[in-house]
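The chain below stands alone, shown as structure tokens; this is the form predicted on its own.
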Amino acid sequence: MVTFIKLAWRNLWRNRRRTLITILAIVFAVVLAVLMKAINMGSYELMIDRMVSFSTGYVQVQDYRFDDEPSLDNTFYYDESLRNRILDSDHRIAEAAPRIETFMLAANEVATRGTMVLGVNPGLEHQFNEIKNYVSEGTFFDIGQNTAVIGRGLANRLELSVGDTLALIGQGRFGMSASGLFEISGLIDHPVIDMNNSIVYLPLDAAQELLSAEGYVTSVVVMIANERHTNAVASAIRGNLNDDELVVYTWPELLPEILDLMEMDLAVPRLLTVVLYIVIGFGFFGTILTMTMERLREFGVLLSVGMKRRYLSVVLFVETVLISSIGVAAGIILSYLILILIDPITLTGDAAQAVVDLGYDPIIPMSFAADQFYTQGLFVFFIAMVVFLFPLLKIKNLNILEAARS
């Protein structure tokens, strides 16, 4: 085998131009495939992170009845003991943020609106989604303050501003009447448009007192460093909690509609990727067809002096593996460097405004997920190997006399 590798390597560089053209074709294919994947997945990762960080979290702990009946009656008691059990479940858990969530009527002197009231720990919530960075007027409350921060869309509908009083009316735990007055300390331009038009943030202790649920929460969102660890972290928490009353959900289980939307939206990019691979395949085939026809005389001479067809096929196969491996490796390295240089792509003009109106930053981030590099590389490598079957079949059916005279 060492002899075959040496022969293959020498054959490659006997015609440097032909070899370099083939390698560059593979490099171009890998770079194009990775860039297309990175742009698509970067956008989806940003969307998922935005939706998940402001709603369910990547991993969430809640009462087993709450998902079917999201009522304050299905809250659970949260203390330091439970917090430590969650944090000790897996070293990849950064923090656990308790929340209490319900729907109430928000009112001013003349109008009411349905709102989502979210009681949070301001410090932990900011660690999770940098919520304080979206405050456009006033300030976000601190622990112990009895004030509210509301979405700008809701403030506009109720004609309220910083310093005004917001009335909240609803039902607390076990049917208790819940009503309270809160000074508005800040307005937030929430990045999720639906929440911007309906969200009211309260300090966790103030919300619990308002809802007659002291010490109780509706959920605990778990912060993890990487979305790819979601399932492993969720499994670890389940094993460590060992509580029949509490369940652990991952974000795909709580937000299946996002996955469905992504699957529908990915249909076109996947079709384009298939078309790209077809074009790449025909490009390879044209290069290899030319290369093979140029070497027919060489093959004929080698066979005529006694070289067995299977040995010649092995040498050619090793050439194929070497060319494909060099091209794929170079393509992965080059694509990674290009992604570093262009990440993120900043939008301008009408395109930027359209994205901002949807609640997102006017950028297109790149995904650096490891699997997109090696999977696209493997796909291109597989295409190259299939195309290179042509010269192998040509050798098998080669007429020595005709090839030697060509």
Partner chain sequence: MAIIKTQDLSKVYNPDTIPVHALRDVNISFEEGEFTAVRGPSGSGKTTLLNMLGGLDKPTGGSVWINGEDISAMKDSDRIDFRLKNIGFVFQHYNLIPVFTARENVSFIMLLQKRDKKEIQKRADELLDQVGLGERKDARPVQLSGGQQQRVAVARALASEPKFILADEPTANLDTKAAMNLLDIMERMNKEENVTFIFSTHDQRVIDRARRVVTMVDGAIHKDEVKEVTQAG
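The model shown is predicted, which means the values in this text are computed figures rather than measured ones. Positions refer to the first chain, counted from 1. Throughout, rigid core stands for the largest set of C-alpha atoms superposing within 1.5 Å between the two forms.
Separately, the form predicted in complex with the partner chain exists; it is not shown, and the next lines address it.
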17, 292 and 296 each touching the partner chain in the predicted bound form (heavy atom, 4.5 Å): no
Looking at 308, 270, 228, 91 here, can you tell me which has any non-hydrogen atom within 4.5 angstroms of the partner chain in the predicted bound form? 308
What is the one choice in 304, 112, 133, 139 with a heavy atom within 4.5 Å of the partner chain in the predicted bound form? 304
If contact means a heavy atom within 4.5 Å, which one of 120-128, 194-202, 296-304, 278-286 is the stretch that engages the partner chain in the predicted bound form? 296-304
Which residues from 9-44 come close to the partner chain in the predicted bound form, meaning a heavy atom within 4.5 Å? 10, 11, 14
Threshold 2 Å Cα movement between this form and the one not shown for residue 101, core superposed: no
Residue 303: with the rigid core matched between this form and the one not shown, does its Cα shift 2 Å or more? yes
Honestly, after the rigid core fit, is residue 230 moving at least 2 Å at Cα between this form and the one not shown? no
